[in-house]
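Just the one chain here, laid out as structure tokens, in the form predicted on its own.
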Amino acid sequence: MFHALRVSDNEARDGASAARVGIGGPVGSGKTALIEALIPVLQRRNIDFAVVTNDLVTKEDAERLRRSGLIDPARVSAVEAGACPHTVIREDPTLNIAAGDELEARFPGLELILFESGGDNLASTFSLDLVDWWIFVIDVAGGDDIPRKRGPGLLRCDLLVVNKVDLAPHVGVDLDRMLADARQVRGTKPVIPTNLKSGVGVEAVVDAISAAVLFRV
């Protein structure tokens, strides 16, 4: 089902051997938690990967991943945006490109680099100078009207993740309607619901990444 998501050779970033995948979304939607959930699945599939995190003026998300015990701390790089989070993933991604290049130099044979953006709003998008393919994460606690607001992040991303689906009955969200609305506004682009605490949807996210940029099915 993910064959249509694949990035052609002509669309891949020039000069990079590792596929570069962005993970964006609002503050608290679960971007870092998604990476924590992806790590063991990527490891079981023998995918050689590293992570670049973005925060405003700290290295909080990078330190969280380094302390987690899930990944070699040397495989986690941190970018301090010092400005609006979207600036360093869209308008001027130089710092992130350099961080990715440094990881590739440090770990020859790297297949995949995950770039986590700082928390932003529904207008946040990634530059294709930085990534080959990108994910946008929203969560049900933000309200079931998010898909109907049609933010650029939600519409343009290659994969939309609707996280914290287990919270829907506790926050008055009609999950079926939220997912239906998301699929309607996105057309043929995929939507995957997740509960990162229980692991629901995580394998499907890795399947999508693998098919789209690693050419594994």
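Just so you know, these numbers come straight off a predicted model, no measurement behind them. For every residue, the number given is its place in the sequence shown, counted from 1.
In what follows, reference is made to the form predicted together with a small molecule, a form of this protein that is not presented.
- The listed set Asp166, Asp174, Glu63, Asp48 contains one residue whose heavy atoms approach the small molecule in the model of the complex to within 4.5 Å, identified as Asp166.
- Exactly one of the stretches 40-48, 176-184, 66-74, 156-164 approaches the small molecule in the model of the complex with heavy atoms within 4.5 Å, and it is 156-164.
- Using a 4.5 Å cutoff between non-hydrogen atoms, Val202 does not count as a contact of the small molecule in the model of the complex.
- Although the partner is absent here, Thr53 sits far enough away that none of its heavy atoms falls within 4.5 Å of the small molecule in the model of the complex.
- When the small molecule is considered in the model of the complex, Ala208 lies well away from it, no heavy atom lying within 4.5 Å.
- The closest heavy atom approach of Gly28 to the small molecule in the model of the complex falls within 4.5 Å.
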